[in-house]
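For reference, the chain that follows is the form predicted on its own, supplied as structure tokens.
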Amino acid sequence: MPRSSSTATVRTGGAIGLLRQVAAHSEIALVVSLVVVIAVFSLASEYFLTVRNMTNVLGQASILLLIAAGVAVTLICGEVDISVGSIVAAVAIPLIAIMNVTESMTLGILGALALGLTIGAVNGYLVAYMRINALIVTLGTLFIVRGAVYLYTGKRAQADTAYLESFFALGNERLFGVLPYPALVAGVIVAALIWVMRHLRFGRRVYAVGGSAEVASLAGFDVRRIKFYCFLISATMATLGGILLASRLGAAVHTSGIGYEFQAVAAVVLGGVSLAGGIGSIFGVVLGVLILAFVANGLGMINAPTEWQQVITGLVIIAAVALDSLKKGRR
């Protein structure tokens, strides 16, 4: 082999090896990436690195954070849920309808949770117990639920006529005039989910099932029940996101949640969750969501066309999957 060719091969191998090392420590790489994104856009716009803009981004990212965390749980257990965007739109209907009749936010939230859990239970049963491919099931659910929303609403927004101050505050007010309530709610819920996945027996079993369902079954784990619960978690997180979005909009809007499933998948794979299951962390997903949110906000600050956000989201998905492949090659 010529020396130049040999040198090129060594350099290529070294570059791939470096990328694999970065992929193996994805959370550190994500923190660095987030800092770089913030630094770059801070230089590009004087209004980017302000308390108001930073807190606005946190508030805007809160809904996607809830949804992405739920999707991450299903991916970690070796499945996938892309029905979450339609769930966001669907659960707002009983939420608003019940509040308009009863003037009770609690009853409205319970109605939304009931519908969300029902959809999640159907998804979980078909995937875990009927053994139907999760992508097919949740894709079907996405279209069925969205179609049902269009039929019920007549493609018109269902306004909140109860005008409850507590409901308005949930999606629009700020703690001490600084931190948006949606960011606070999402932060507490996701922090609890991180603790569950890291420290409880259920979380460890989810990782075991995602790593190898066969081995987990031989170890005595009820694989079907664990997968079923994962879909319930995903639907619950999407429901909570739908409640916050309905509060922000002041209505049940039939187009709510469109595209959230793809943004969630982008954030999840960027956050280091393996598409093969069994690998990743919810904290990594938090970082992935924040990176996408700050990139979108920064592009808006410099008046970049909104189409670039879609381009960047697509590039993020491809890059994250490539890093995931490098992780597998390292193992």
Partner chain sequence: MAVSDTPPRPTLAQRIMASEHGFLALVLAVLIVVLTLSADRFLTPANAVAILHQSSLVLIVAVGMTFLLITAEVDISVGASLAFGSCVVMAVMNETNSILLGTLAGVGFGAAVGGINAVVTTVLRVNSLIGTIAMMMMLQGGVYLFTREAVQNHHQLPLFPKIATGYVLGIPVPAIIAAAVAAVGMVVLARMRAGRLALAVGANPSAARLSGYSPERIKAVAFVVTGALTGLAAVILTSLLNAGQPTAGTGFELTVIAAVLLGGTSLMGGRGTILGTILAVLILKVIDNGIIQMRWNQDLQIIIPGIVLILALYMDQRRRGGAGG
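Numbering follows the first chain given and starts at 1. Predicted model, so just to flag it, every value in this text is computed and none were measured.
Just so you know, the form predicted in complex with the partner chain exists too; it's not on screen, but the next bit is about it.
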| item | value |
| --- | --- |
| Contact stretch among 229 to 237, 113 to 121, 185 to 193, 132 to 140 - heavy atom within 4.5 Å of the partner chain in the model of the complex | 132 to 140 |
| In the model of the complex, the one of 126, 105, 244, 93 near the partner chain [non-hydrogen atom within 4.5 angstroms] | 126 |
| Residue 282 within 4.5 Å of the partner chain in the model of the complex, heavy atoms | no |
| Heavy atom of residue 275 within 4.5 Å of the partner chain in the model of the complex | yes |
| Residue contact check: residue 178 to the partner chain in the model of the complex, 4.5 Å heavy atom | no |
| Exercise: residue 151 in contact with the partner chain in the model of the complex, heavy atom 4.5 Å | yes |
| Residues of stretch 291 to 321 in contact with the partner chain in the model of the complex (4.5 Å, non-hydrogen atom) | 305, 307, 308, 310, 311, 313, 314, 315, 317, 318, 321 |
